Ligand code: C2E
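The data below hold one chain only, encoded as structure tokens and taken in the form predicted alone.
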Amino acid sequence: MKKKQNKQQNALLKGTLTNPSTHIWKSRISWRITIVVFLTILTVQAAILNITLKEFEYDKLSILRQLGRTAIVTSIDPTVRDLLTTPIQENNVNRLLSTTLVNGLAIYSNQLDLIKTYGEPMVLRILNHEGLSKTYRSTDGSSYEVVFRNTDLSRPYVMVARLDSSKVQKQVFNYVKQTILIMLLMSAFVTTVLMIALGHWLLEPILFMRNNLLAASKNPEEPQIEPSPFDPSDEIGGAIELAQKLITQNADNIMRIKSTAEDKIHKLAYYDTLTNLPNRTLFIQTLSENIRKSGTEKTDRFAIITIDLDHFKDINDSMGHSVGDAILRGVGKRLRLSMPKSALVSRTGEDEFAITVPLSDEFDNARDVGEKVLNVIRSKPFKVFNEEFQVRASVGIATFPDDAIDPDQVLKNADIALNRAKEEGRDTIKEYSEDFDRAVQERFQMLRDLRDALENDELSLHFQPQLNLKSGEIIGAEALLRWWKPDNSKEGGVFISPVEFIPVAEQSGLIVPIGEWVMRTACRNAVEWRDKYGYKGRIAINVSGVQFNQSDIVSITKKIIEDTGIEARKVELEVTESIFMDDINHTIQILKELHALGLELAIDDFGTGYSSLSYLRQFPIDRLKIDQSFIRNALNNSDDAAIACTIIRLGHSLSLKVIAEGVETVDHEKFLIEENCDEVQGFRYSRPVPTEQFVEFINSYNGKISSFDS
């Protein structure tokens, strides 16, 4: 339907452009004006006809009355003196009724007494003087009754005559027919003349302007419009000229806006809005073009450098994004100014930059570029809002075509080297090595295997008992995660060390569902020990910092406690000091909410991490756990011994229990007894064991630590 309308519109447009006057009558507005004008003239003439028709009929009836009076007067006998007898002789009456328009006659005396009637009966009856002025016209218009007074007859009589008016009816009909024909002809003539005038002065200019607007709407950028043939000094011609100018201006504006929009879209698509540097998309595109242009006989070499600002998130979090944005702009500016014109400097991420530069006389190898980048960033602090910020960076390096020939791959290799630089302490340079890639692939494979392990129930818990150093009773058990990975070996599988898979789980976020599984399984086991064997100790569960940041640990813990039926006070969550480094206030709030559930909290590996004593007193914790490294070396390293003693005293000063892990010998135990440590765990008492062996341990344990002496 729409296609058909467009064809009709195009045909009309083509026709009106070639000969507008011939298509005036095809326009709707022309027909509307024609109909309105025609009906208006017709209505006016109909009103005039209505008025003149009555006058015409009245004139014809007046003539008929006059003829009737003449016929009656000539028939009256002037010799009749008796005023109560008829003044017309019988023979005259017959002649009157048969040869004249008079079909009936009623004769009254001057006193309105009826004397005699002749011919057709009358409708009019003269009863008083008011009736002298009446007339009567039959419904079909064939007869007309009139009253003649004595003044009309010149005799002292009153007569009512019934006249034949059938010819008057025909005359009126002919008059109406002729008048209507004249009206139609006149209306058509006037309408035609008016429309020709309107068409020339109004419709043709309007259609011309409409056609130009249609042409402009079809191609607004390059409108094909005809020059105006109309006088611009009148209203219509002036409007057309103005419309032509607006069409031209609109085309210019569209082209200008389109050009600006294309530039803006290109900039948004290929440039970073903060630093005005090329983004990752343009970087890869440019790198691809450079590689494609590289000669086949002598291949050009390019250095690809990726940069990540160390601990930039800390600046954003502590100083605000405005400071961070200023530093990013400063880094981008320094990098751009320090590199040759042939280099491309881009911002590829939040605090990440990438550089590609041809290796030539200025740079012999990619490492030279990386060292210059580090020196440029380190050279002097960045000054923002009258404050100085010393920024450090990690740098990854890859070389085309040495490390890869695909643009995406060579950039990926530079990123792999960058990640290795960050893993090895940051503020350093790492060149890509295939070993890095293998390590990444191994990490990804481990992540895939770990997901399968979670789904296939390959994960399990081992438990290590915790004892009261003074009473010797078992006060708890720490749940430790183990992964038995089946394989085709003779043993049927192998245990994967938590040191290998826990960091992978934390980096990927998989530690969140794993941690929930550990908590639920450990609580379920503790409830089973309680119900079957009378176990009264607590269950200690390690919680990763990732669980604090990526999960609603409070609601998850509360639901697990409710689902398993364990007493909240029998659950202890062990957290490391590293969770306090991101957002201490948030961590304190979470710890308070957990503590409000009724469970206990312990700081694991205390002394190896953040160890901010100013915040320690704010933590709602119950226990400090001395890291096993201090205990193992306490007997032969005075510093480690001093740290262990300090932690014990610090804990007691804050009314906290202190538990030492890594207790392996009697000497370790004696050292801790002398230092008044509260609780212990370690190989001296039991290795972490599966739940069946732990049950055997608690059933066979006699409550005496001395029983472990060898």
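What you are looking at is a predicted structure, and each value in this text was computed from that prediction instead of being measured. One-based numbering along the sequence shown.
A second form of this protein, the form predicted in complex with the ligand, is not displayed here; the remarks below concern that form.
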Practice prompt. Among 443-451, 541-549, 198-206, 400-408, mark the stretch whose residues have heavy atoms within 4.5 Å of the ligand in the predicted complex.
Written response: 541-549
Worksheet entry | Contact assignment for the ligand in the predicted complex, among Pro498, Pro620, Gly131, Pro156, heavy atom within 4.5 Å | Pro498
Worksheet item: Which residue, Asp310, Glu458, Glu431, Glu574, has a heavy atom that falls within 4.5 Å of the ligand in the predicted complex?
Response: Glu574
Fill in: is_contact(Glu664, the ligand) in the predicted complex, heavy atom dist at most 4.5 Å
yes
Worksheet item: With the cut-off set at 4.5 Å between non-hydrogen atoms, does Ala343 touch the ligand in the predicted complex?
Response: no
Discussion item. With the partner left out here, check for me: in the predicted complex, does some heavy atom of Asp605 sit within 4.5 Å of the ligand?
Written reply: yes
Worksheet entry | Touches the ligand in the predicted complex: Gln464 (any heavy atom, 4.5 Å) | yes
Worksheet entry | Residues within 4.5 Å of the ligand in the predicted complex, restricted to 500-526 and counted by heavy atom | Ile502, Ile511, Val518
